[in-house]
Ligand SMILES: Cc1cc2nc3c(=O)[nH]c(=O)nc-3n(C[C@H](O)[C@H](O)[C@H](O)COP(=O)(O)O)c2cc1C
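Form predicted alone, single chain, as structure tokens, below.
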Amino acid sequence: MPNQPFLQLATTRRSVRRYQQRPVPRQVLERCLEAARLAPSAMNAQPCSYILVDDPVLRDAVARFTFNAIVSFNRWTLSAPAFLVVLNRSSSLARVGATLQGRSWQQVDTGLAAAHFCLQAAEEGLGTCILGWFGEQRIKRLLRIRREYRVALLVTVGYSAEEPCVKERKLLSAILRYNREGE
């Protein structure tokens, strides 16, 4: 559904855990990556870089590093036609800021970039799911990722094989306060 208003896009975008076995054209994925590239970041640090994994052998290996015999809830990743591997590398200024503030802006920046990618993917008619559970060191070895980079997130991406459904979300009145939390 190209060109839908943003709230409609936000309403229909959801995590997809079953994909059609049809490749996604690279130019479509590159538009999604362009949206991620344009995401805001603290002090314009732009800490993210990306590896798009669409080679079937590598894709299968990455998928297998998202679950194991004990933790099997991510087996569905085997159906994903592609993975976006989101890398980040913090600057010394970002590390100092995170220490002084007690929060990592790099994590916020990474989440914003992933959200931009996922929203553009939805605009393109694709499904996505952001993953935080994976074997980072195994993925780093497989994809020859340099030591100074962290694998921050994985995002599965492809054409959904699931029927659209309504997302359950809290009502705005349940989560919004004006001016003070206690009023």
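The numbering used is simple: start at 1 and walk along the sequence shown. Being a predicted model, the structure only gives us computed values, none of them experimental.
We do not show the form predicted together with the ligand, though everything after this point is about it.
J.: In the model of the complex, which of the listed residues (A35, L58, V28, I130) lies with a heavy atom within 4.5 Å of the ligand?
T.: The option sitting close enough to the partner is I130.
J.: Please run the contact check for R18 against the ligand in the model of the complex: heavy atoms, 4.5 angstroms, yes or no?
T.: Looking in the model of the complex, residue contacts with the ligand do not include R18, since no heavy atom lies within 4.5 Å.
J.: Mark W76 yes when one of its heavy atoms lies within 4.5 Å of a heavy atom of the ligand in the model of the complex, and no otherwise.
T.: W76 belongs to the contact set for the ligand.
J.: Indicate whether C48 is a 4.5 Å heavy atom neighbour of the ligand in the model of the complex.
T.: No, no contact at 4.5 Å.
J.: Using 4.5 Å between non-hydrogen atoms, is L153 touching the ligand in the model of the complex?
T.: L153: yes, in contact with the ligand in the model of the complex.
J.: When the ligand is placed as it is in the model of the complex, which of 50-58, 37-45, 119-127, 132-140 ends up with heavy atoms within 4.5 Å of it?
T.: Stretch 132-140 is the one.
J.: Determine the residues of 149-172 with a heavy atom within 4.5 Å of the ligand in the model of the complex and present them in sequence order; the list may be empty.
T.: Read in sequence order, the residues that approach the ligand (within 4.5 Å, in the model of the complex) are L153, K167, R169.
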